[in-house]
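The chain below stands alone and is given as structure tokens, in the form predicted alone.
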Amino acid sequence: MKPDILIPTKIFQRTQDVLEKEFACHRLYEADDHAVFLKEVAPRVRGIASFGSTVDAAMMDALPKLEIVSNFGVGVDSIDLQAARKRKVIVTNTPDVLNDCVADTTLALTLNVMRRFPQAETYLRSGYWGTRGAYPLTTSLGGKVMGILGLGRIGEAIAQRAQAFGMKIHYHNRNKKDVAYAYARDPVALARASDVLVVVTPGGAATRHIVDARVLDALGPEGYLVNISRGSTVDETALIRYLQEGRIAGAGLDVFDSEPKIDPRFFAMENAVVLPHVGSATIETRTAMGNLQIENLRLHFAGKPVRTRVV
């Protein structure tokens, strides 16, 4: 018998195809009435294949046979970890396999917000080069300080790439690491020392609005913010105000507080480069993430330890 799993939201198609072959899949996102659907499948469901889905205590209670939540992605802030511990539900994620792609996206955002390449292309396509002259000068990366807020595995991959561009690295973590980079005692001190502040912290209550008005003040009118973590880590209302008033130089954003609904004020800002949460969105990386998600499910239902356990 194939183990029964719940799929709350549609997953990367290659991953979904494998899941459908190896497990008895119950697609919650296709149900008209979620509560009725959960009640029908509850006696059989032993696992959840999550893709940024909210898996809270209520859902766990609705699935009394639940043993594992295998998440597609590193961030598990949408999963109630405390409830999982209490109910002895295993939670896994997909770290490491997306480090390089997210780091690449970070440097792309840094380049695009400092060098203003998207705006320069628009200038060219609008015919202004021939009528208004050369595009205005922008800002170099070389010699600048990149402050990394959250020097984990992705942060370290970002630091390596930034150094290749001639940038200096400062960082802040809850705990100082044995690295050659300069350590800042808190986010404000890091922002004050940085030309570019990159947010790489996990989401969740502990980091909500860790980048607030105090941090943006410390970053200053010549500083840039790049966020590839979670939208919740930045006080978006303050950020919009600071961008509109020129109190920071610009922002490169791949994540937003209420995504996929984006505050339309971002679209009118020449000093903002915005992407639709594509940090890890390549075929190769998403395939690797899906493979790890599937492997964790396979291992668990074979009675073996999972590879990347969170709780």
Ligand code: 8YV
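All values derive from a computational prediction rather than experimental measurement. All residue numbers are counted from 1 along the displayed sequence.
Below, we turn to the form predicted in complex with the ligand, even though it does not appear here.
- In the predicted bound form, at least one heavy atom of Leu98 sits within 4.5 Å of the ligand.
- Contact annotation: Leu292 falls outside 4.5 Å of the ligand in the predicted bound form, judged by heavy atom distances.
- When contacts are judged by a 4.5 Å heavy atom cut-off, Val74 counts as touching the ligand in the predicted bound form.
- Remark: Phe266 does not count among the residues lining the ligand in the predicted bound form, judged by a heavy atom distance of 4.5 Å or less.
- Put simply, of Arg116, Arg230, Arg192, Lys168 only one has a heavy atom within 4.5 Å of the ligand in the predicted bound form, and it is Arg230.
- Residue in contact with the ligand in the predicted bound form (any heavy atom within 4.5 Å), chosen from Arg286, Arg247, His26, Arg46: Arg286.
- Across the options 28-36, 57-65, 273-281, 238-246, residues that bring heavy atoms within 4.5 Å of the ligand in the predicted bound form belong to 273-281.
- Annotation for 6-28: no interface residues with the ligand in the predicted bound form [heavy atom within 4.5 Å].
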